[in-house]
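Only one chain is shown below, in structure tokens, and it's the form predicted alone.
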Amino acid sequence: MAETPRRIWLTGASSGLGEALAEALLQQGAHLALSARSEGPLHLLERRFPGQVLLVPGDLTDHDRVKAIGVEIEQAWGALDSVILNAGTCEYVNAKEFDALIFERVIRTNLFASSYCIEAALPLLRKGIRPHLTDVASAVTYLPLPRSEAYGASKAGLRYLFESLRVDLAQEHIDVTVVSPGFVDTPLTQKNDFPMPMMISAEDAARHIVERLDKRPLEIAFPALFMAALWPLSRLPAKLKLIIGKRMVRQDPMEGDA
């Protein structure tokens, strides 16, 4: 008897890591509800994988739209087996011209939108098969980096949200995984003008994640060599972290930083 395809809601599916994850999961036969602001790439996936794709596009920072997406998924499928929250953004901070609106934009996109999606997803996961909730955070949470105040704060908030939620959902047998990638070649990282050691392609990153999701680990952190270097640094005393961070500070902030 053929195994029933897993019903997965994937956000941020129109480009970068999200698009690569969608491709990898669809090739495995999964059924995907795909969310993103840009609908064009989602329609391409729908045409390439007929019968496997449910389009639920929209702005995930819009609470009402996210609730509507939950209703659309429920009407189409009745339940969810997995949710992968990948949508996110990054803006850098120039401390000399500190702009709190950057924090508002980044945290709304990375943290608030994820909480909206969790609200919509949990009732559907509770009706699913072996429910699994996954969030794409970042290795940046291990070490404070220059200009990453807004991005790092949003991703640290996501990490805490999911690790705390893991405890509360354990009694319901809903597994929770945090993904902590290093540098992945995506449209976001292509805007960076600083060294990004051990960068990997979005396709390799997606393959790494998908190969491990079935095991439902608490965390998927990669690339291995990058994490092997980063983890010891994260355990250093605060004064040593400050010394390391100061050596990384740019004297000429990126054009457009505010």
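As the structure is a prediction and not an experimental result, all values here were calculated from the model. Residue positions are given as counts along the sequence shown, with the first one as 1.
Note that the form predicted in complex with a small molecule isn't included here; everything after this is about it.
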{"property": "Proximity of residue 60 to the small molecule in the predicted bound form, heavy atoms at 4.5 Å", "result": "yes"}
{"property": "Exercise: residue 188 in contact with the small molecule in the predicted bound form, heavy atom 4.5 Å", "result": "yes"}
{"property": "4.5 Å heavy atom contact, residue 80 to the small molecule in the predicted bound form", "result": "no"}
{"property": "Partner contact for residue 133 in the predicted bound form: the small molecule, 4.5 angstroms, heavy atom", "result": "no"}
{"property": "Candidate from 178, 73, 120, 87 lying within 4.5 Å of the small molecule in the predicted bound form - any heavy atom", "result": "87"}
{"property": "Candidate stretches 151-159, 95-103, 121-129, 167-175 - the one whose heavy atoms come within 4.5 Å of the small molecule in the predicted bound form", "result": "151-159"}
